[in-house]
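One chain is shown next in structure tokens, namely the form predicted on its own.
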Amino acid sequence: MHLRFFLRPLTLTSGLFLVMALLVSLNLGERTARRQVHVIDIAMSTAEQGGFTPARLRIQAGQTVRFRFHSSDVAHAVAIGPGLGLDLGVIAPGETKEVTLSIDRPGVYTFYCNLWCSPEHWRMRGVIDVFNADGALPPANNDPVIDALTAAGIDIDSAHGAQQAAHSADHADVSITPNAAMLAALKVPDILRTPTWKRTHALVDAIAALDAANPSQTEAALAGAAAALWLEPLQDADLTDAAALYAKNCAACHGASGRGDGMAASLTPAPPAPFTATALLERRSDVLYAKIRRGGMGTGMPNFGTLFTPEETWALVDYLWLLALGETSP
């Protein structure tokens, strides 16, 4: 009886001690985890005043890092890519926004401003080198689309379509309005509906191919059918993200509706290209893709291949065609 009396308090005390020890251990674990998060402060000012500071970072794959972006002069907006899907939105003067992340895949990533903040806005970029366990970066991969264009001798910077179609003069004055009913009434060679053909040929080439298969049709009918053909794969595509990329990264120069009349159009070395049916009549989609990823030499257009994934770039090309053929609104 006395033995049970003394054992009970001892058991309760031991249990309480164990609970308290567990709580202390958890608290220490949380504090240790917080200490393991590497915090990097990044100051932002216009490119003319220094841009991002620091502008180059080096972290290890899998390391948890907290980036704190502070705007010191005007409003900026920060995104990190490619393929991370991170957009911190607008950061007002004097404001700080942060994001905590762990990048598992080694490579080179870019943080950049996607809000027009000054005439030198395009220089607002910083680099994150994410190295693997042995401290090395993986080799950069060539872009197969750009490689194929180079191998074919196609000059990405040539005047609109100079090397891409032989029929531009015959169709330059044609008004191009998509006409799905006319397309349905025509003979359409099967190859014209394949994604590869569409990406490696221009709209004017589709007009010529339809003309060869339907010689009795008028130019206007063929142009409308070709435009409808170009839009077929885009009707059910979700280009919401592409529209957002365009609005944040392209509209300042090329205009909200793709007319080449953005607020910064007068600041570029060469007038921004308009995205209209007439302007893109001879443009191949793979050339548009390549120009987006590599930039336009001599035009002031920066490269976006370090910001967007190939998939995002192709979606952006599709969105340009929606703008050109009047199937979207600003």
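As the structure is a computational prediction, the values presented were derived from the model and not from experiment. Numbers follow the displayed sequence, beginning with 1.
Heads up, the form predicted together with heme C (HEC) isn't pictured, but that's what we're talking about next.
So in the predicted bound form, is heme C (HEC) close enough to Phe67 to count as touching (4.5 Å, heavy atoms)? The answer is no: Phe67 has no heavy atom within 4.5 Å of heme C (HEC).
Can you tell me whether Gly51 touches heme C (HEC)? I mean in the predicted bound form, with a 4.5 angstroms heavy atom cut-off. Judged by the heavy-atom cut-off of 4.5 Å, Gly51 is well away from heme C (HEC) in the predicted bound form.
Taking heme C (HEC) as it sits in the predicted bound form, is Leu280 near enough to touch it, meaning that at least one heavy atom pair lies within 4.5 angstroms? Because a heavy atom of Leu280 falls inside 4.5 Å of heme C (HEC) in the predicted bound form, the answer is yes.
How about Met263: is it within 4.5 Å of heme C (HEC) in the predicted bound form, going by heavy atoms? Result no; Met263 lies far from heme C (HEC) in the predicted bound form.
Which among 206-214, 131-139, 253-261, 84-92 is in contact with heme C (HEC) in the predicted bound form, heavy atoms within 4.5 angstroms? Of the stretches listed, the one contacting the partner is 253-261.
Using the arrangement in the predicted bound form, list in sequence order the residues of 243-272 with any heavy atom within 4.5 angstroms of heme C (HEC). The stretch touches the partner through Asn249, Cys250, Cys253, His254, Thr268, Ala270, Pro271, Pro272.
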